[in-house]
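Just the one chain here, the form predicted alone, laid out as structure tokens.
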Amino acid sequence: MKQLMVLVRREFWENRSIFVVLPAVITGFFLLILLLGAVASPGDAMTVTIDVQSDEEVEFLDDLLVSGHLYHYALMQLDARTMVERTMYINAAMQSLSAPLLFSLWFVIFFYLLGSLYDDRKDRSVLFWKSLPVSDAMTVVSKLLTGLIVVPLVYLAGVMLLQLSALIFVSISASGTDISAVDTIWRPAALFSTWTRYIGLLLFYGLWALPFFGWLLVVSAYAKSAPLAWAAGIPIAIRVVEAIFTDQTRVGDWMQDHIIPISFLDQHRPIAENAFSYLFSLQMLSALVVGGAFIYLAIWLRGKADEI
């Protein structure tokens, strides 16, 4: 376990820019936007020309000017809704705040795993790392653990900070009014259960997309050049060949499902409920088997690896 922690730390030392700096910059940027929304008001803004297209937009502008503040306006709108509607609107806002970080996270994991074993061979440090008393299995597992567990938790911390800050700013606007910030904002937000659900979904995706991540490790351990072309080209070729010779896309659809889970989720059911329904399915079993086989192959290739 101590070796594993040291290896994970090594990954953070070598990838600090995308593991720490990038989420910090994204979080800081959106925190600044939230802060500007907290201190700005319609009266402070420069004179602009607004093209009003509908009666709803007129009503929105009237309410915003009456409230004098964007967050105060949001608070007034939530206060006029039922608890179910408040929960729905706040959850939608929380998901919007999380989108930039989670979108960036997917690309960070993709390029990190794709280059994790390839870069060691490219910069000729692979022989040095293999001379240390650390097994190839431990090396590969440390990179997988870093990409699928540790780094997502860092990005999730940024999501939590943004969501918490937004709720605090809206709560501040309730001061001096008869509106209860607890009943209107905090209770329907249910932050603890929301964050717990995020962690559960990240863990689910790590298992569900294990074939995809295992494949990236295989390519990273094997490719002599252009790992991105290998990682994308072979699955695309398999899909094209399958469509031509079998007139079906079962394998291609399976690969797509285990890359982007949203593609198969039932849009009429909550995401967490969707994920739980697939947790003990044959689809998940196949993902674990294929993903485990790819990881084993990556470990074997790592043992045979040499400088490029």
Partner chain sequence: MSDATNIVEVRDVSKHYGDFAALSDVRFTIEPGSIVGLIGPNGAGKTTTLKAILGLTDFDGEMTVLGRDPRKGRHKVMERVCFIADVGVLPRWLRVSDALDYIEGVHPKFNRAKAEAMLADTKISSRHKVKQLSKGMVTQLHLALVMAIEVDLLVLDEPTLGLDILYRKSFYENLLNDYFDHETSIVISTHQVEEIESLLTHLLFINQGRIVLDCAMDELDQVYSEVLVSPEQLSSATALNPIHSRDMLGQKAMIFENVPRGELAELGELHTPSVADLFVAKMQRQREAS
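These numbers come from a predicted model, not from an experiment. Residue numbers count along the first chain shown, from 1.
This protein has a second form, the form predicted together with its partner chain, left out of what is shown; the following refers to that one.
Exercise for review: Please run the contact check for V134 against its partner chain in the model of the complex: heavy atoms, 4.5 angstroms, yes or no?
Suggested key: Yes, V134 lies within 4.5 Å of its partner chain in the model of the complex.
Check your understanding: Is K130 close to its partner chain in the model of the complex, meaning a heavy atom pair under 4.5 Å apart or at it?
Key -> Yes, K130 sits close enough to its partner chain in the model of the complex that at least one of its heavy atoms falls within 4.5 Å.
Point to revise | Any non-hydrogen atom of S225 within 4.5 angstroms of its partner chain in the model of the complex | key: Outside the cut-off, so no.
Review point. L301: heavy atom within 4.5 Å of its partner chain in the model of the complex?
Key: L301: no, not in contact with its partner chain in the model of the complex.
**Study point:** Non-hydrogen atom within 4.5 angstroms of its partner chain in the model of the complex for each of Q77, R81 and D183
**Key:** No residue of the spot touches its partner chain in the model of the complex.
Practice item. Given that the partner is absent here, state which listed stretch (122-130, 174-182, 153-161, 109-117) has heavy atoms within 4.5 Å of its partner chain in the model of the complex. Key: Contact-bearing stretch, as computed: 122-130.
Exercise for review: Scan 1-39 and write down, in order along the chain, each residue with a heavy atom lying within 4.5 Å of its partner chain in the model of the complex.
Suggested key: Contacts from 1-39: K2, Q3, V6, L7, R9, R10, W13, E14.
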